Structure formats: structure tokens, C-alpha cells
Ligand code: FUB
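One chain comes next, on its own, written as C-alpha cells: the form predicted on its own.
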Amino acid sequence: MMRDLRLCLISFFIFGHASGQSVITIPPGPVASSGNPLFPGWYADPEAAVFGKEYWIYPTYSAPYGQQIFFDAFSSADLVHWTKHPHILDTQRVLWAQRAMWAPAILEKDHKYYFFFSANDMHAREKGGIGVAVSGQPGGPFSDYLGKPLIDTIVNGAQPIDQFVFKDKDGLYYIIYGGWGHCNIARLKDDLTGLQPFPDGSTFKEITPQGYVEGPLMLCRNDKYYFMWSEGGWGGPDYKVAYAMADSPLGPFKRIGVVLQQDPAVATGAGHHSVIKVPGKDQWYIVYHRRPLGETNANHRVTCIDEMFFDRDGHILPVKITREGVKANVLP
């Protein structure tokens, strides 16, 4: 009963203020866990991060391409109660982007927040690709950093979409991206204004593993690099996440197995994820989208969270998707 009441309040506070630009706070309630989905609305491709003592999620607004022209963000101190930050970036602040903004990635550098995104669903000889926006706050507003795409060419057959960015333990910054079944890795300049060639003179290296479709992510744990990606069709029930491991961010990566997939009793189309590591702990969460049972519209996707565990050999155990989500976890 109390959870149903909280969901009603959430719907009122979110959808009753859909046109507002102010920060919207989801009212707290006597709940033991986050529940899935984490917040109402159709959202996909979530990027998750920890900034200070807050968790942040930056999803795609899941709608037809003509309507998918802005980003919202969500923050939480405990993974249970979430604050919505509407329209942190939209096409009015990125003049070269006309439609289809999706799949954000974010990193903090020198007290600024750099927000990477895909735009325009570009093909050969079309304008679009991967852009960068910047803000002094994780909740924006963000503005176009370069005035043009960071990557706007098709290299190694990889459409410039679905970027993931990270800082390696040696201080180098990388961008990993690619659709159409191909994935590239490149080095970012230290000021994030462009790409920096590898020592051999190349700018892009293809690291596509078997089964790769889109949605790459990389993390480092115990000096091992985990490369994760989505397989299957994003609009279908069999969308899923697989992974590989290597000793270098450049691979080679050999597919190990599936981490995340549908449970016909819970939800379908579970994929395009990100990962949260709790600072100072070997504790991990996977944040992903899935399609509620009975939904057939490809864009009807919701953002969810569940725990992610490793075995003694460092392999990722298959994730059990739940309706309950995760328990509250306040950052240290």
C-alpha cells in the first residue's frame, strides 16, 4: 500500500510538472529498497557515475528520434530517493544536432563535467556523430564544448555512437564507441578537445569482440580490464549484455559470456548498461534499461539497477534482474 502511494506521488510530482525547468525532487517514503524502475518515465541507455557524495544517472530520453532531443539527469544520496534535473542539455544548445540525441557518457576533470553524447544518427556523408558538452555542475546546464562533433567519420565500419569515456590508472583518457557491430578505441587529448594518436601513429584501433553490437563499457578491477557490450536488437526481448577480459584496454578481448539478460517473469530487453563502483569498496551495481512485461513499443524502456558480483577468479556472475532493485547505500 505504501509503495503504491509513493508511486502515485512520484507520478504527480514528475508528470504534473513536465513543462517546468526547476529541479524536481521525488518525495521520500518508507521503502526498504529502490524498486525497479528507479524513476518513472521512458528512459534508456543509462550512464551512471559517483560525484562527491551523490550517485548520478544520465539516461537517454526514450522516444522517437524526432522527440529525442534533450537529456534529463537524476541524482541520489542513497540509491533509493532520486531528484530529477530536467533538460540539462538539448538541441537548442548544440547547433549542429537536430535530432536523436542519446547514449550519454560523462567524466569529471579539473572541477568541470564533460558530457559526451551521440546525435543525428549519422550515416556516410551526413552531419552528426559524437559531441561533447561541458558544465561546472554535474546537474548542468551543459553547453556545447567544441561547436562541432568530436568524432564525425565512420572508421573501421563503426558508426560514431554509444560512446564510453574513462580515465585509465596511468592518467590517459580513452573513448570507446561504435555501432553497426564494430567498436573502436581512441585516446582523448588531455583537454578533451580532440583525439591524440597512439604511439604507433594510429588514431583509432578496432577492438570488436565476437557478438558485439553496441553499447560498450570498460572498467578496471584488480589490474584486469573488463570490456562489456550489448548484443541483439535494442527493440527486441533478447537484448543482453556480454563481457570479455584482458590485461590492457586495447585487448585483445575474447568473449566470456552473458552478464545481463531478460527474465520472462520480470522484464524483457535488458541491456545497454553502465556500472557503479562504491568508492573504497569492492561493491558494484549495474544500471541498465529494460522493457516492462506486456510493452511492445520499442521506445518503452525504463531505467533499473541491480547488484553485480564477481567470483573468486574475477569473472562477473550473471546478474539476476529484480523488481525490488537495491537497498539504500549512503556514500562514505
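Quick note: we count residues from 1 along the sequence shown, nothing fancier. In this text the structure is predicted, and so the values were computed from the model without any measurement.
Not on display, but discussed next: the form predicted in complex with beta-L-arabinofuranose.
Checking Y239, F117, Y177, F142 for any heavy atom within 4.5 Å of beta-L-arabinofuranose in the model of the complex turns up a single hit: Y239. Among the residues F253, F204, Y113, W102, the one placing a heavy atom within 4.5 Å of beta-L-arabinofuranose in the model of the complex is W102.
For a residue to qualify, one of its non-hydrogen atoms must sit within 4.5 Å of beta-L-arabinofuranose in the model of the complex; none of E47, I106 and R187 qualifies.
Taking the partner from elsewhere, D162 is found to have a heavy atom lying within 4.5 Å of beta-L-arabinofuranose in the model of the complex.
Taking the partner from the other structure, beta-L-arabinofuranose in the model of the complex has no heavy atom within 4.5 Å of any heavy atom of R290. beta-L-arabinofuranose in the model of the complex comes within 4.5 Å of no heavy atom belonging to T303.
Using a 4.5 angstroms threshold between heavy atoms, W234 counts as touching beta-L-arabinofuranose in the model of the complex.
Annotated contact segment (heavy atom within 4.5 Å of beta-L-arabinofuranose in the model of the complex): 154-162, selected among 154-162, 169-177, 130-138, 71-79. In the model of the complex, not one residue of 111-128 has a heavy atom within 4.5 Å of beta-L-arabinofuranose.
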